[in-house]
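Single chain ahead, written as structure tokens, the form predicted alone.
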């Protein structure tokens, strides 16, 4: 995810409307000492919260969800003004965030249920895996989806029995402050969900604090710095970083649906999504028809206004990156079909479709994070897969095809793939979300997302005694001979016997 900047005041941080440049509001700049104090308060809350039953926590989270829903209009308005996205997209973000609160609360008990596993040759033992809250989770959120994305960590950490200290992006702090206000009025326990605001120094303080885990969403460069800061205390980290997500369109794909998905996947939130479609590889036989359909749909979109399809870019710095990518592509031979660097006005970028692109261009290798659709013609599906996997990133991916769709999807080096749809994996709360390579590691959402915020404990319980006790120095003189026999029977070329049968023979 792309990096953004803001200019804080001495003790207050201003949040600006990217569409108008007007100040939406200001928040405090929390010092490292204040961050540490918030973590200490969260530690107290976590002890009480983690001791509650799943049912009790579920009731509290349900109340929290209902309270967020009751403030949906206010949250959506803040998202619209502070982030720059159209009102419709703001409400979609609120709705998706609510879905994760509901799902996490409903699945926590099942996801964290103790599991009995085989004890192997120790047949007189009961082996159990159990999951327990970590304590305090620090969440560092992004500016592109300032409610939905951090909620993918916050809701699951809370459901798992942890308290949360949330540091939002300096570009979009007001949504987080409102969320904390809702939490303070809803949860019976104080300090269960706290927000600390500020720029990079505040985030660094949280990464260095005494939290039990850090969940970070942002750029790969910042993620590395967060990981280094957390390493001072050996604090584990979950990193959801950037992407350069490919889309493959086969010659037997439904072209109209593929084009519709491509346009939405590349341009929703003005292309400011870590799972945006950023590269498109289209079979030669259908390339021209696909491009024509994409261009037709793009030209029908409206940029700007409360009812626009695309809003303003949140970060001025990101506008410069998008312009640089476009100019680089054009200089290296790309053809502009819509938009282009000349169609940038302030924080508004007209959606741009490029053809004649290749991997020498930044727009095909670096994260663009803007409303750009680069389309490349390929001679075969093998070439498409090879090019799709030619990236240091590995977050999301999309395949539109007929009979070969699933086999193509299985070959893609990515944490997630949507088949004959776009971004479907992000809308299904039960699917874990995350990537590989420069896209980070760890998973949010789903049962894996709940267990991500737990510590795993293994318990071995002896349920009966047997004459041959391996955990003792008091062994019969022929024990070495017995072990030799066991090794051959259990792991050698001889007949493999069940552990219980071996114990009976060796009594």
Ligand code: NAD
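What you see is a predicted model, and the numbers here were worked out from it, not measured in a lab. Numbering follows the first chain given and starts at 1.
This next part talks about the form predicted in complex with this ligand, which is not shown.
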Problem set entry | Stretch in contact in the model of the complex with this ligand, which is absent here, among 260-268, 365-373, 322-330, 103-111 (heavy atoms within 4.5 Å) | 365-373
Problem set entry | Output flag, 43, 162 and 188 jointly within 4.5 Å of this ligand in the model of the complex, heavy atom basis | no
Exercise. Of 158, 247, 226, 294, which one comes within 4.5 Å of this ligand in the model of the complex, counting heavy atoms only?
Worked result: 226
Seminar exercise, completed: Picking from 351, 415, 142, 133, the single residue whose non-hydrogen atoms come within 4.5 angstroms of this ligand in the model of the complex is 142
Exercise. Any chance residue 170 has a heavy atom within 4.5 Å of this ligand in the model of the complex?
Worked result: yes
Exercise. Looking in the model of the complex, any heavy atom of residue 397 within 4.5 Å of this ligand?
Worked result: no
Problem set entry | this ligand contact at residue 334 in the model of the complex, heavy atom, 4.5 Å | no
Exercise. Does residue 311 make contact with this ligand in the model of the complex, using a 4.5 Å heavy atom cut-off?
Worked result: no
Seminar exercise, completed: Within 232-250, the residues having any heavy atom within 4.5 Å of this ligand in the model of the complex are 240, 241, 242, 243
